[in-house]
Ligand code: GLU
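As a starting point, one isolated chain is supplied in structure tokens, in the form predicted alone.
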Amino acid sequence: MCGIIGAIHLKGNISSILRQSLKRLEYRGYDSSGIATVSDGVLYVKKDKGKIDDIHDRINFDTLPGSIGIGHTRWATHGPPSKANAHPHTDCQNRIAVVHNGIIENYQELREQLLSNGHHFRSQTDTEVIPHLIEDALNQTPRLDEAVAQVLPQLEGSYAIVVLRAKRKELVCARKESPLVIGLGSRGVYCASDVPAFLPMTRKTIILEDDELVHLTSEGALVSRINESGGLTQLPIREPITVKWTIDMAQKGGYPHFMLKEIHEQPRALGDTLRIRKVDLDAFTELLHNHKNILTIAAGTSYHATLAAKYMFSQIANQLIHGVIASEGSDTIARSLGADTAVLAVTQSGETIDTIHAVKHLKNQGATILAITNTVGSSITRLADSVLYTQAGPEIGVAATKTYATQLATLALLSISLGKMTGAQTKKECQELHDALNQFPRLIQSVIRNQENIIKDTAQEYITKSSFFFLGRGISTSTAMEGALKIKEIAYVHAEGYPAGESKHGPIALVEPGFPIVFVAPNDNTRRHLEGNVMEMKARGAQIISICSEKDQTLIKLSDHAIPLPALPSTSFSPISYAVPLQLLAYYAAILRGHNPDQPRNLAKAVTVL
């Protein structure tokens, strides 16, 4: 869940490049940071607790000498944020430095073994065992790549690592279940946990696979596969892909926060996603159609997208699907599946470790794996039998916004395609649904343009409230759950998303005068029943905030605050537009409470540890 960078330039100091690269990776972790460089055979390290800019103000990363180095921005797993626990970590002789993303599950045993052999440790981290193991391995071979290859089979768990040593101008990097990409530029070579780290320098990228190791020098990148005994097999030269993102796409573009920028980017992201090639969609749909059972696996916001899909598939394709939270996948499913099941895994990053582990478990049972992700070359794509890519572009804000919208759009397209294949929808009805779906980019643009100030005022009205309910019926239950998650994530307000019909089976006991309740109320077939739930809450003094149709004058009059939205061309896809005001409500609640929505405490963008 941390951000790592390594770079070798042909000439000139690398330290400021590394620092700027870490800034572009700060969404992956921001409780401590550090940089190590090598100059004239000496290893230099600067690191500390805190955010990158604050650390730089104190110790000035840019004074580190040398044209080769590594950097790290941390999200703590083993050991609290501190200078000692910050990466890079070094060996006893201060000749080897390592940055690491992931978790070493057997680090305690390795640490005890190394201590008994006379090694000295300075931190509480799992990562620190790696440079000490490499230190010992270099006693057996002078080559750094061979030494690293000997160490990696000893590590249980996940890792993306970059290794630097004082002796030579070289880096060695490797991955297992944590993302790592290589950048090839005219000024030098790079490795990083994500493309934005080196995007200003190059768009030419090699995406590494599990158990691959790369030896980087100023001459380029040599890729090898690590075998179980720690040997290396050199792989053929791999042609780099050209990333189409611009640096502006990966930066704030004039907005105060990435989250707000990405909310505003949703019309564009949706439009791009709705242009998924028909041939790809048809092939993906056919795999679903050829299986008796469909199971969805996802975590967090992606899980809420699959809850919405449950309704879409039922209503449009007459297909029942079963949704499972990824972290519960192995335990929930046990050994009850087989070759007659298609598993639809939805993950923004393609690296969510809970989803990856659940998918591996289900794949071992013979299930067919289909994936929806935003990240080309991610781990999930190598496990899947077929992949659909959303077209959100880079999402830097920790709270998912445009990736949620594009997941919903992809699942909506899939439900229409499956409805056509099953015969649940006629050709004409499918076209009508497509036409309706294609109106949502315009609808979202209208919501943002016309309602953002109203939503900001609503957030101001409830700034002192410490608890919320978000209620909806049918497909809007998933929207309510996503709204509650957003305000929890970034405004640190307790909130529960709940089916409105179930609210009287317990939650209503918490309602007292002034208690804020957000109703997600599109004008669909649940609207009449929802009005009764509104009345139940009003009778107990609740303050009603309604996200509803601009034509729903009854609900607008019943509400203390209403956020009226344009009429829907199809209520089957309501979460796509009805989630937007909830994203903005959470954003402004966070701002008004003095919190940074891009860096919510205890959270990071890609959850790559169990």
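Quick note: we count residues from 1 along the sequence shown, nothing fancier. We call the rigid core the largest set of C-alpha positions that still match within 1.5 Å between the two forms. Bear in mind the structure is a predicted one, so any value in this text is a computation, not a measurement.
The protein also exists as the form predicted in complex with this ligand; that form is not presented, and the subsequent description refers to it.
Of the candidate stretches 515-523, 455-463, 71-79, 214-222, only 71-79 contains residues with a heavy atom within 4.5 Å of this ligand in the predicted complex. Comment: this ligand is not present in this chain, but in the predicted complex one of H132, H100, K402, R175 has a heavy atom within 4.5 Å of it, namely H100. Residue in contact with this ligand in the predicted complex (any heavy atom within 4.5 Å), chosen from T477, T127, Q266, S415: T127. Taking the partner from elsewhere, A7 is found to have every heavy atom lying beyond 4.5 Å of this ligand in the predicted complex. Once both forms are overlaid on the rigid core, the distance between the two CA positions of V99 between this form and the one not shown is 2 angstroms or more. After superposing the rigid core, the C-alpha of G419 moves by less than 2 Å between this form and the one not shown.
Comparing the forms between this form and the one not shown on their rigid core, the Cα displacement of H89 reaches 2 Å or more. In the predicted complex, the CA atoms of T355 and S193 sit farther apart than in the displayed form, by at least 3 angstroms. In the predicted complex, the CA atoms of S123 and V398 move apart by 3 angstroms or more relative to this form.
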